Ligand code: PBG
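In structure tokens, the next block holds one chain alone, the form predicted alone.
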């Protein structure tokens, strides 16, 4: 080797063996970094497999308690509940979300009564409770009422043509969207019910403007000043959510959610603005969702906000890894742990992942 001013530098010295690699590592992962997602429905002795998400199940409250006891024994310290509503109990406004005996509230009480020592988080939204599968009560014709004009025949034809690319159901009625302000009032009510049932943290996921502020005000007014908010501040209209719709039985019955969830073509500036607005309204933590395709967004948000940033490795990410592993194309453990470290390296304080139980087992091995 030719002698030069930098010949003494050998970058490989800190990679020579496992001991020195561990000593030099700047990113760590532990079970305490993970949030366990759980799908719950009313009933008894239910542990129903979710076909598109191998290893995941829908649980009745009694079985959820047993599952969480097992998770706690593995060192996992937080879970998030997603409620499933029977089709006959769904309506246009999601009134079942306000039933104090619904699956989420019942499970929360059962977990608390059982003394399971885990942080209880609840997903706060209406898509799992509405008959149309959207994230709140709908408002039809709002845009045309504001403008005082009817859309032209050409404009209506364009909307119909676009519906073919949406891939979910039919085109929505003209100008129909989720009624933002009506929805946040209902979210505030739902949040208080969850807190009363035992939730430690409320996680609004519907991407409604000013939901965080409405929830914070409602919780404080009800005496729950100590309950925290983990806002899904940065949630994209993503194709990676497919398997979740089977798991939660909540697909949109028409159109999609692109007029309220974020557009992946936008830069990180919009994501940072969304997160900072939620922090100003009282969010104690923020979330970026999905995870792996949005590492740049995660890094930008975590660097910009003065609160911890969570990330959600969503159902499609999980299902792809499971499918590739089942086919023998990847080393599942190695690729999952590498991915988790990429989230931590990009700034995630915690990770919501369907791999939580397996990761905890791998880390203890």
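What you see is a predicted model, and the numbers here were worked out from it, not measured in a lab. Residue numbers count along the first chain shown, from 1.
Unshown form predicted in complex with this ligand; subsequent notes refer to it.
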{"item": "In the model of the complex, the residue from 294, 79, 129, 244 that sits within 4.5 Å of this ligand by heavy atoms", "value": "244"}
{"item": "4.5 Å heavy atom contact, residue 354 and this ligand in the model of the complex", "value": "yes"}
{"item": "Exercise: residue 224 in contact with this ligand in the model of the complex, heavy atom 4.5 Å", "value": "no"}
{"item": "Exercise: residue 254 in contact with this ligand in the model of the complex, heavy atom 4.5 Å", "value": "no"}
{"item": "This ligand contact in the model of the complex: residue 205, any heavy atom under 4.5 Å", "value": "yes"}
{"item": "Interface stretch in the model of the complex with this ligand - options 180-188, 193-201, 211-219, 230-238, non-hydrogen atom within 4.5 Å", "value": "230-238"}
{"item": "Full three-residue contact with this ligand in the model of the complex, heavy atom 4.5 Å, for 46, 58 and 103", "value": "no"}
{"item": "Residues of 298-314 having any heavy atom within 4.5 Å of this ligand in the model of the complex, listed in sequence order", "value": "312, 314"}
